[in-house]
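Let's start with one chain on its own, the form predicted on its own, as structure tokens.
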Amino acid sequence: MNSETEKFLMQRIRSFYASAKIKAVPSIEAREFGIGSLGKKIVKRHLSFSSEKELNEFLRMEAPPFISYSNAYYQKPSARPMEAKGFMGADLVYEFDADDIPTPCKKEHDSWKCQSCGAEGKGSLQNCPECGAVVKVKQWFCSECLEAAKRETLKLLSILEKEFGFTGLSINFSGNAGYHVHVRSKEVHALPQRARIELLDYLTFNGFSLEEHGFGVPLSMGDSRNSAVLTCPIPSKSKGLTARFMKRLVSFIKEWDTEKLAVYGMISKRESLFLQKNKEKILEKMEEGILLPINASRPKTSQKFWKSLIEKALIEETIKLNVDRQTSVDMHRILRMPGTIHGSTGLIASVVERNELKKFNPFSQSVVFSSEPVKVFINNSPEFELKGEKFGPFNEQQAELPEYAAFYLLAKGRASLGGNGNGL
């Protein structure tokens, strides 16, 4: 990033904090804070603020591109080392990042380049198909990516509310790739790490045993693996994650057509037609705890069919949380401060009301910079949309963009100020 670009970005961030009033997180005096610079999210931590007023004075003076706060509460949040802070408890926080969800659009807007042999292409890879070396991936997040993250967020909220009875959940857009869900109920503050891991396992079906949940061969038939008859939990009598799982499995039989059943169940069209004709009987038997054979003369085919649908149901019901499990249960982490600028996009880490989440559009509602024209040189960029207007795609060209769109590309390292890519 050249100095002219960096100066522009910092001026705009400073201008934002000069007039904005950032709302304090609950118990601000007990939180640890950290700040980052352009290109690095954390460069300094062990900061603390006694009030909302002190926080805003700091933001006006320092204008950091990133500011994060702890999910933990401390007696002395600015003390070091960590043991000196006096840990008092921590919120539960769950992250949904679009880069963890394999959406089809990644094949269009993500790109990779091998640092060894120079090969490149679209999509996301770990290793170069030409020489096998580790590749460098450039990610991009579009509305489809963030909708996928939103769906997972809504799924989690439903489970936390209906199955655990949590209330007062706080949701915020991260400012870039996804959403954060904060559980700030006092009953979770004292949860030890082991309990947090168990809760995460529950949400992600980690260690889920089909046999322990009622799937298998009826005992009257012994251990015969050739039996076409399989047992299952009774949907109406199931609870918790078993109830969710069975609801999903039942929906496959109720809603899928012959083609979809054939594809996902790995069966023939003829066998799929049998399922459609006998749909009601199959659903009745499921309510009795039996997965009806789709072909009594071919027990292995029936087993393969139900196993395929069961695996599909597991995939659909598993909450796609941040893949770093350790991070998800870390009680000393710091994460994006709601209401503040994300220095890699210029978007706000917006707080989203629970009843507004479904229709929330971060590429419109989290934009804060002006529409004043700014001339930039764009190295490359997929098509993107901000405030209802589409821009790009761009490749090695100069363009005049609204300030908010220019900031977006500049902060992502896709553009620079000036007419030739060198800030001149």
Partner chain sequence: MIPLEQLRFAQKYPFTKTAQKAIKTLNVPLNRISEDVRERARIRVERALLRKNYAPRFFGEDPELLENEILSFPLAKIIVSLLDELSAMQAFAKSVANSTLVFLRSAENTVEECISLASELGLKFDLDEEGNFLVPLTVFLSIPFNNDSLKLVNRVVENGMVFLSTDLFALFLSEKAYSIVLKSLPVKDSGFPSWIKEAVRVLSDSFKKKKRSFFKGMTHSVKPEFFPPCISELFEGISSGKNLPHIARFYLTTFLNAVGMPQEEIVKLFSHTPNYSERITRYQVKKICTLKGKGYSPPTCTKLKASGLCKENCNVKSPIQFYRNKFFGSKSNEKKSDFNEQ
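What you see is a predicted model; the values in this text were computed from it and never measured. Residue numbers count along the first chain shown, from 1.
What comes next is about the form predicted together with the partner chain, which does not appear here.
Checked against the partner chain in the predicted bound form, the candidates E147, E287, E280, E163 yield a single residue with a heavy atom inside 4.5 Å, and that residue is E163. The single contact residue among F208, Y73, W306, W112, judged by any heavy atom lying within 4.5 Å of the partner chain in the predicted bound form, is F208. The closest non-hydrogen atom of E130 lies beyond 4.5 Å of the partner chain in the predicted bound form.
At a distance threshold of 4.5 angstroms between non-hydrogen atoms, S158 is out of contact with the partner chain in the predicted bound form. Among heavy atoms of M88, none comes within 4.5 Å of the partner chain in the predicted bound form. Shown alone here, L273 lies farther than 4.5 Å from the partner chain in the predicted bound form, counting heavy atoms only.
Just one listed stretch, out of 197 to 205, 170 to 178, 139 to 147, 258 to 266, contacts the partner chain in the predicted bound form at the 4.5 Å heavy atom level, and that stretch is 197 to 205. Heavy atoms closer than or equal to 4.5 Å to the partner chain in the predicted bound form belong, across 7 to 35, to no residue whatsoever.
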